[in-house]
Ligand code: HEC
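The chain below stands alone, shown as structure tokens; this is the form predicted alone.
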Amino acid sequence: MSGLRKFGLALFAAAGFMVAGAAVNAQPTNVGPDACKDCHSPEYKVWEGTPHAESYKEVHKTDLADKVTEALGERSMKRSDTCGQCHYTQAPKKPGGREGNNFGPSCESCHGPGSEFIEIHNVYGPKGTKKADESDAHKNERFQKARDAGMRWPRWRQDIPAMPADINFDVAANCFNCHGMARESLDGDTAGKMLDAGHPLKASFELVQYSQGQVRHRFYNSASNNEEMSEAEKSRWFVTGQAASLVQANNAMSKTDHAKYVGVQQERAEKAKAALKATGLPEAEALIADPSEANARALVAKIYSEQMDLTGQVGSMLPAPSTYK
């Protein structure tokens, strides 16, 4: 074999290795809310009427949007990767189209980029198998594969062994990524510039209040029944939110010495500590002493695995339904 041919084959093999490696290391991407519409139409209809969906039409037109993007050295909010992390779903308008900030916060903003799990999470067995006929073994395997592919599930299911009892922490922490300006990808200097330009950051964001109002879409047992949480469920969800808030606020404070940013995160942390202390649980005390994700997950796993009703401890802190957003 000639030296030139050997070189050509080696180059081809190297290119193939790099392509294969890229595929293995590729991150899931957003497919857009329309890909969820057919199977989740009640949820989609709820989403269409929420500020998350509606804000897409107007938020970039405000004077505030101009001020913030100018402070970031960018020309347009709708074309900004920084703004796109929270204010948009970065996905193609149509399958196979060009990815961009083409939707407001939507399904994948909360449940994870769907490119890898969308063909997994609602397949109940061999072709034609209905949800009611799915075997327990397949349900368990389906959940594990979907989660491995990047899906965030909003509800712990005791009947699925592969579903860890701390799973609700994933969704709660994701909410605070944006509502607490706590994304790992948002550095402290950038956050400071945004705040100086007038970008809001409120310590008052609370999970029950913001998840059980307009955005609630709990069609677990019927496409016509958007289930409300029981008081016991609210108490667990509230504590889960406080655990996520404390961890993220603690981490966020280490990003920068920007006074306003640090001040709001400190306020969040103190509110969370007070709520967690009220539970009287040793796991909560451990989290207060060391606000790590591991300690937060241990607390969440405890309250869900034992299906605790913490209404007596934190009920007075729960928001009234009339205040739901």
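The structure presented is a predicted model; accordingly, all values stated were derived computationally and were not measured. One rule holds for the numbers: they count along the sequence shown, beginning at 1.
The same protein also has a form predicted in complex with the ligand, omitted here; what follows describes it.
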Subject >> Joint contact, Glu43, Val68 and Asn122 to the ligand in the predicted bound form, by non-hydrogen atom at 4.5 Å >> reply: yes
Original post:
For Val171, is any heavy atom within 4.5 Å of the ligand in the predicted bound form, or not?
Top reply: yes
Original post:
Though only this chain appears here, would Ala35 touch the ligand in the predicted bound form if you measure heavy atom gaps against 4.5 Å?
Top reply: yes
Subject >> Exercise: Lys271 in contact with the ligand in the predicted bound form, heavy atom 4.5 Å >> reply: no
Original post:
Would Ala232 count as touching the ligand in the predicted bound form under a 4.5 Å heavy atom rule?
Top reply: no
Subject >> Listed residue (Met253, Ala165, Leu195, Leu72) with a non-hydrogen atom within 4.5 angstroms of the ligand in the predicted bound form >> reply: Leu72
**OP:** Can you tell me which bits of 106-126 touch the ligand in the predicted bound form, meaning any heavy atom within 4.5 Å?
**Re:** Ser106, Cys107, Glu108, Ser109, Cys110, His111, Gly114, Phe117, Ile118, His121, Asn122, Tyr124
